[in-house]
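We begin with a single chain expressed as C-alpha cells, specifically the form predicted alone.
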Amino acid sequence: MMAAPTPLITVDAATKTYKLRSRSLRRVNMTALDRISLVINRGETVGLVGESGSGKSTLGRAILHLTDLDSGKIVYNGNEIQSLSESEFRPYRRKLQMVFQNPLTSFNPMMTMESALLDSMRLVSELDLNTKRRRVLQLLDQVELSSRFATLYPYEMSGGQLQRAAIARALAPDPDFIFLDEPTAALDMSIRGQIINLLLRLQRETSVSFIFVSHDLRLIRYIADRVLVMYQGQLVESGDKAQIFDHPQHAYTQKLLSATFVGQAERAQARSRTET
C-alpha cells in the first residue's frame, strides 16, 4: 500500500477583500479570496489556473506572508503562520520562496548575481560567508549557468538566463515551497521548455513543492501533478490533471479548456468510446 502524501501547506477558508474606489469614487469591495481551502503536499507541483483577477497572486502572497488575510488559516509544516507578526514569521521566510513573472524587474539592478544570491541567504545563519559563496557557484551550476554569471549584473543577461538566476535565488535558502507566478510568460517559446525541464529536475533533486501559475494550459498539463481552478476568488474545481483536462466538471473549467486545444482530442476519444 502506498503511503499517503504528507501535507506541507494547508490553507483553510482563506478570505481576503480589498476596498477599491469605483469610477464614481464610491468605495466598493472586491473579494480576492472567498474561503479558499487547499492542501499542498511535499514534493508535488500544483498547477493554478484562472483568468486575471481571479485571486491567484493574492493566494501566493498570502502563503508567503506578504498579504494578511481577513480570516482563515495557513498552516506550514504543522505551524499556523497566518496570524504571526513579521518578526515571528521571520524564521519561516527562508522556507517559503517565490519566482516572479518578469525576471528583470525582480532583481536589484545594482547587485551582481553573487550579491543577489548571497542576499537571499541572509537568514541562513548556519552557513558562514565562505560557505555561502561556494553555494552560489553550486546554485549557478544547478540551474546550468557558468561561474562567470556570478559577476554579472541583471542588464548583462538575457531573459532566460535571468529566470534561471531567479530560480537559483529562490533555491538558495533551501526552501520547502516555491510559488512560481507565471515564471515563463515573459520568455520565448524555445526557452520555456528549458525552464520547465529545469524545474522538474530540480524538484526531483530537492523534493521542493511548487505552485505553478500559468495561463498556458499546455505547460500546466506537462508540469503539474494536480490542478486547481480559480474563478472570481473561489476555488471552483480541483483534481489530478487527468481528471481536470479529460473530465472537467465545472462550467468555467470547461470554458477554459474549450478556448484551447488542450485535452480536446482525449475528450473526443472518451465520448467516442462512450457512444460505441
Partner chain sequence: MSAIPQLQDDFVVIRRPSLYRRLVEANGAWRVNLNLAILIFIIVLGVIAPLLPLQNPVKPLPLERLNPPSAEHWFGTDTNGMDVFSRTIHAIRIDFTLAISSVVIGVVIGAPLGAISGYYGGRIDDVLTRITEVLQGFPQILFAMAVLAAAGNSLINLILIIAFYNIPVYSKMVRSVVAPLREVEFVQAAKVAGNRPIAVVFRHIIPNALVPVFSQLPLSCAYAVQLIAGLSFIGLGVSIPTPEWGAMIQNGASQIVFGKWWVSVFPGLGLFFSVWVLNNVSDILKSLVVRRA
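In this text the structure is predicted, and so the values were computed from the model without any measurement. Positions refer to the first chain, counted from 1.
Absent from the display: the form predicted together with the partner chain. The rest refers to it.
When contacts are defined as a non-hydrogen atom within 4.5 Å, all of Lys95, Gln101 and Ser115 contact the partner chain in the predicted complex. Contact between Gln161 and the partner chain in the predicted complex is not found at the 4.5 Å heavy atom cutoff. Leu66 belongs to the set of residues with a heavy atom inside 4.5 Å of the partner chain in the predicted complex.
The partner chain in the predicted complex comes within 4.5 Å of no heavy atom belonging to Glu80. Shown alone here, Arg135 lies within 4.5 Å of the partner chain in the predicted complex, counting heavy atoms only. A heavy atom within 4.5 Å of the partner chain in the predicted complex is found for exactly one of Leu200, Val124, Val75, Leu84: Val124. Within 4.5 angstroms of the partner chain in the predicted complex, the stretch 231-252 places no non-hydrogen atom at all.
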